[in-house]
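First, one chain by itself: the form predicted alone, in structure tokens.
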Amino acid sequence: MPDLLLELFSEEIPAHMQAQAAKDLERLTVGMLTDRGFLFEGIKAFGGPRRLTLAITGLPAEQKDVREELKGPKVDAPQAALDGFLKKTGLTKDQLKVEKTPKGDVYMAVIERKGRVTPLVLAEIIPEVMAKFPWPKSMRWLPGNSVRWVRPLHSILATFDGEVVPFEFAGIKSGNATRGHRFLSSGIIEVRRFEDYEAALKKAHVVLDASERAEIISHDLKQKAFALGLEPIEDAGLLAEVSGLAEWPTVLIGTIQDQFMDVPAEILQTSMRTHQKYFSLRDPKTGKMANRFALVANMLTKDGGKEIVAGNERVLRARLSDAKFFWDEDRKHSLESRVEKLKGIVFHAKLGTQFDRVERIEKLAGEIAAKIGADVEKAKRAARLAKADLTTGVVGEFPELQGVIGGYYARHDKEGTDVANAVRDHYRPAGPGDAVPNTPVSIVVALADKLDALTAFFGTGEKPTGSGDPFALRRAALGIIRILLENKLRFPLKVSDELLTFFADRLKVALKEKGIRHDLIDAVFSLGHETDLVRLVARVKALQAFLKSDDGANLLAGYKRAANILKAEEKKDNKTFTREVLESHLSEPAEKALFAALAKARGAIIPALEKEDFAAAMQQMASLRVPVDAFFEGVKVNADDKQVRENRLNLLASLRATLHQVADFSRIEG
């Protein structure tokens, strides 16, 4: 079957847009082909610095004939409804059929379209895809023409089965020609199919596939670093970005002047990464950053890149001179002296300044420290200094270094290791891959920072929505959860019910990857008295293990049966049955056995839970499996005698209440 090759060639596409643009090109094209009844064997899209490419294999040579029946308005509907239907279908009233339905006679349109040859359909689809392309930012470049693209479009290559698909977009006629590397090739490249195209581009110094470009960079980076006895500092985000900057990536190594090496590595790395897109290298023996950097050029030169490296070293000197200036100037003023300046930085219109926030965090840190046994004075001191680096030159230049720089300045001010580390770590964890604080003072300040944000914003009604979380409150809640769980910290969350529910939702996200069921978290959380996350998770894990056993699965089935009976009978009687069972009204052996088993289990479950012996609590529930099964096999719940019936329903209510000591079983799926 024939194939389609499409390339949209333009000026440079921003690196951060390329991957999504390739996905959008594939998504839009597939959608329009599917709408027209086309199937195909395979599809792949590519995004690069100057081109978007789409290759589709196994397209049929022509479109299938289409017969479609559309249901229209009722025969007695207003004329406007009929007119709209006729406009939609392109038919006249005489061409409609009338069909009888249970709700009356309706008009039906039968539309038959003869299939067209595929190139004609593609010539219709591709300009439509391009017109609808959802660039985050785009531009007009043709005088008097409203067409937009990310950057000026130069050419369109479109072939099907080796022949040009003729159409026009933005004044550009499609053809079978493209160009190679801007500097390392010249002239037009004519192609017919994807295999010719990919090979021709490689000869013209263009690597089409972004993943291949990334692999080339990664491999060369490691090899050239290894030759110097160094290794690259991993940076997946930077690798993805530079892969979108060079069509023919070439790794070169430069030198950082010694005068800058007393500046903290984080400042050097951030400056090089942010402004110059350079990779940092380190000595694997010491783990320290080396005075070398790696750049990715889009060029091959006769001198092996020496001139390129020299030019980049000159630019880097200027960048690092600025960073060193900020670093040296900042240290002339203590963090303590900067706290007062936080009064001039607004945190939020409803929540005051950063100084106001520091005072709240300082007080909260003292309270948390007292509860978990951390040093109260050190925790309060670290909390007081935690935001002071917001007034520094380095953080002004590199906001992503908040906290990290504060930690350096706290050490310079001789604040002590615990305080300096807490200042450094109080934003952590900043994401799922970030480490959590693991020393007492650092834990306290990180918790205080995040709890203040959550309680303050929830208190003013600034809560996350389905479409946005501008104050990163979900991340703050996940951070608290990770800090508590990974440090096995017994710290009950004393927050509002609304915020506790928010934590429960975040906990489901945090534990999903660990295979812990969200419904079991709901079942335990909904009891309303469990705010110790470490204990809650242990309880949920024990419950999950129990439900995987035969006893657990059968007991859950028995609970569901009891709950369904109670729901129906409580609705019928307009009352809620209690667990107050009259032993004198029990006559059947099976109901007597269940009554005795429930009494024993009920008396043992609570003490086991209080001791946090969740395995013992589950064993008590397991002991109910046999009497519950026997009850449903041998006892008629809805007995003819009213008192007997009500007593048996109360017995089922007693079962429900007993199991709810452990979790709300009504929330458990299955």
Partner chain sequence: MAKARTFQDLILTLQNYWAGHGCLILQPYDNEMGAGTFHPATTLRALGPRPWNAAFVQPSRRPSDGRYGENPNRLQHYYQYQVILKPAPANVQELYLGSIRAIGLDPDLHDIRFVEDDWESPTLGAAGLGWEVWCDGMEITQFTYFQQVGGIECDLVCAEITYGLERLAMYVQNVEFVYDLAFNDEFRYGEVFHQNEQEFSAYNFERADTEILFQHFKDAEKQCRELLTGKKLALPAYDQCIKASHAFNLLDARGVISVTERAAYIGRVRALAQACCEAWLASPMGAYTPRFA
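Positions refer to the first chain, counted from 1. Please read these numbers as outputs of a predicted model, since none were measured by experiment.
One more form of this protein exists, namely the form predicted together with its partner chain; it is left out here, but the text below deals with it.
Counting only non-hydrogen atoms, which stretch in 178-186, 534-542, 119-127, 410-418 is within 4.5 Å of its partner chain in the model of the complex? Comparing against its partner chain in the model of the complex, the contact stretch is 178-186.
F458 versus its partner chain, in the model of the complex: is there a non-hydrogen atom within 4.5 Å? No, F458 stays farther than 4.5 Å from its partner chain in the model of the complex.
Contact test in the model of the complex: E190 vs its partner chain, heavy atoms, 4.5 Å: Output for E190 is no: heavy atoms all beyond 4.5 Å of its partner chain.
Can you work out whether G229 and its partner chain are in contact in the model of the complex, taking contact to mean some heavy atom pair no more than 4.5 Å apart? G229: no contact with its partner chain in the model of the complex.
Contact with its partner chain in the model of the complex for R317, defined as at least one heavy atom pair within 4.5 Å: yes or no? Yes, R317 lies within 4.5 Å of its partner chain in the model of the complex.
Q276, S526, N487, N554: which sits within 4.5 Å of its partner chain in the model of the complex by any heavy atom? Only one listed residue qualifies here, and that residue is Q276.
Proximity to its partner chain in the model of the complex, single hit among N438, T89, T301, N291 (heavy atom within 4.5 Å): Partner contact (heavy atom, 4.5 Å) among the options: T301.
Scan 119-141 and note down the residues that get a heavy atom within 4.5 Å of its partner chain in the model of the complex; none is a fine answer too. Sequence-ordered list: K137, S138, M139, R140, W141.
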